[in-house]
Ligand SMILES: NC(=O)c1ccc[n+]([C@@H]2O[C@H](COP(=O)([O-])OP(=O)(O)OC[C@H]3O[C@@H](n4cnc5c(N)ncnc54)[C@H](OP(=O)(O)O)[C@@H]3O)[C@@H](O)[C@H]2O)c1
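Just the one chain here, laid out as structure tokens, in the form predicted alone.
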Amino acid sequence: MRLGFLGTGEITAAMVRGLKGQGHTILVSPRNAAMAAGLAAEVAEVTIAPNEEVVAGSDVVFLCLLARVAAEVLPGLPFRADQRIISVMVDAPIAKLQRLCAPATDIVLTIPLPPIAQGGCPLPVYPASPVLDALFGARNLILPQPSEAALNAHLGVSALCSPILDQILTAADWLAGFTGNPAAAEAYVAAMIRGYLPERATEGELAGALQKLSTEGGLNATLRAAMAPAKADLHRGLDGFRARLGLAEGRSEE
């Protein structure tokens, strides 16, 4: 395929690396000149081109811009009615993108994360996209969503990565205080958590893993009870995204 990327940040770099060696022609914009140059040097299929040439020379265009930047950059670019647009942007609903990318109308939203570079990244998508599946489905979990709101809820949950990593680092730092070896402490905690996470969890599998760690009076159960108030904080934090993500009418769990 002829693929174009508008915006050249970390997520673009991860997607391009995930496409390396598959025979695609890849055009990237020079908005982040250093990142674009690094990709062109690393991935043989990559060519750097101005925004206009990226759009004109691509059958599939990935939008990887900040929403406010997209409103400035996209109007006037030579989009075509037969092009497919894949947006990875926050705060950019399909209705808005249809105006910015007219006359293109085949627009889908997805949420790639950095692991897409190696594979194993969950990719919620709305609406379902055979193109996205063809490009990334062999190595990543494609999750079609029933609505744009459902897709946006995944954006909210993706923010969980930072607080979870913060807790993991806190635990590793606590452990290193006793071992004197911060590197080994991080390696232990990361491997321990990874061991409980299935690559592609089925319904009930995570609850089953938790149940196995729920021995009354055990260390796991004791620490979980001590941290139980944090669950309410997590709900409040996620609910704080409702207005921004168009989830004001969504369901709530207390």
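Fair warning: this is a prediction, and the values are worked out from it, not measured in the lab. For every residue, the number given is its place in the sequence shown, counted from 1.
Absent from the display: the form predicted in complex with the named molecule. The rest refers to it.
Heavy atoms within 4.5 Å of the named molecule in the predicted complex map, among the stretches 65 to 73, 194 to 202, 224 to 232, 208 to 216, onto 65 to 73 alone. Using a 4.5 angstroms heavy atom cutoff to the named molecule in the predicted complex, all of G7, R31 and N51 count as contacting. Residue contact check for P114: one or more of its heavy atoms lie within 4.5 Å of the named molecule in the predicted complex. At a distance threshold of 4.5 angstroms between non-hydrogen atoms, L109 is out of contact with the named molecule in the predicted complex. The named molecule in the predicted complex is approached by I11, whose closest heavy atom lies within 4.5 angstroms of it. Within 4.5 Å of any heavy atom of the named molecule in the predicted complex lies no heavy atom of V131. Think of it this way: in the predicted complex, the named molecule has a heavy atom of just one of I168, A138, L160, V90 within 4.5 Å, and the residue is V90.
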